[in-house]
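Next up is one chain by itself, shown in structure tokens, the form predicted alone.
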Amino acid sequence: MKADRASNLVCPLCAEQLAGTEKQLVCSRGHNFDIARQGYINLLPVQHKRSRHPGDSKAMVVARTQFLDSGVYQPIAERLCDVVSGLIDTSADNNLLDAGCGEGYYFDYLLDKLVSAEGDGSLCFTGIDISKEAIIAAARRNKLITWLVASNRQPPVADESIDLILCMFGFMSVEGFARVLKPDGKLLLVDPGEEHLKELRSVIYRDDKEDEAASAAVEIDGFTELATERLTFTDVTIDQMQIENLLTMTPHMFRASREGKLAASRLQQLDLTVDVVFRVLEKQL
């Protein structure tokens, strides 16, 4: 399969089609957006921000990059490839959107695997994240993917132009996703399972009330669930640096008490349970 650049981008201000050169995109109403030297495009207007610097900080992005590049979560990436391979038609054109792509580890891994698959179809990968720091890091990973600073609430792509949305450990926008998915489009949600990182959680939380474990799967209006599968593995031991990176890159950094974070900092190594749930949903006609 071959990889193509995104051609379905729309203006975040007026929803008109975006077109342009290697340096700038412009819509028919004259709104223009520069393409950064790193290759990404900022399509998150100030009025769509809830803070000056929304999303993950640079420290969180660096920690996640180091942790993921160590290969600890590679089995998740491999299972992602298996699931997505079963959802796309290799003889057709496929538009994929990673909503909340972070620093791009999973999308980069997926594209690398899929381009080697047999088939005459094409792959168009668009990754969006509200964090500018995350998108800068993602742009360093893969130049074949269109990386955008943008919100899941208002993905800046044309209505009904996406075949498959990935939302991995991220924020789901039912309305935003339903708008951009094709009538038979698929949504792949990857979320923590109940046992995910239970060893770390037992260290940083004093009691169960503090520990916000993964919530049970619920029905999502406008979507029909097609399949659910669970991936669990326990053959993971991380060292002190990886413990620090794992804590920094997750919401646990903000939820854990000062005492809990101090206890984690004293650990030399930690055995981990990784437990994630893959849910495939289809947009209802």
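In this text, residue numbers run from 1 along the sequence as written. Computed from a predicted model, the values in this text were never measured in an experiment.
This next part talks about the form predicted together with a small molecule, which is not shown.
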Study note, to complete from the structure: If we test each of 150, 157, 187, 97 for a heavy atom within 4.5 Å of the small molecule in the predicted bound form, the one that passes is 150
Revision key, fill the gap. Among 83, 130, 123, 77, just one has a heavy atom within 4.5 Å of the small molecule in the predicted bound form, namely 130
Practice item. Spell out, yes or no, whether the shortest heavy atom distance between residue 63 and the small molecule in the predicted bound form is within 4.5 Å. Key: no
Check your understanding: Is residue 244 one of the residues lying within 4.5 Å of the small molecule in the predicted bound form, judged by heavy atom distances?
Key -> no
**Study point:** Non-hydrogen atom contact residue 256 with the small molecule in the predicted bound form at 4.5 angstroms
**Key:** no
Check your understanding: Should residue 139 be counted as a contact of the small molecule in the predicted bound form, where contact means heavy atoms within 4.5 Å?
Key -> no
Check your understanding: Does every residue of 40, 109 and 145 put a non-hydrogen atom within 4.5 angstroms of the small molecule in the predicted bound form?
Key -> no
Point to revise | Which of 192-200, 85-93, 111-119, 161-169 lines the interface with the small molecule in the predicted bound form (heavy atom within 4.5 Å) | key: 161-169
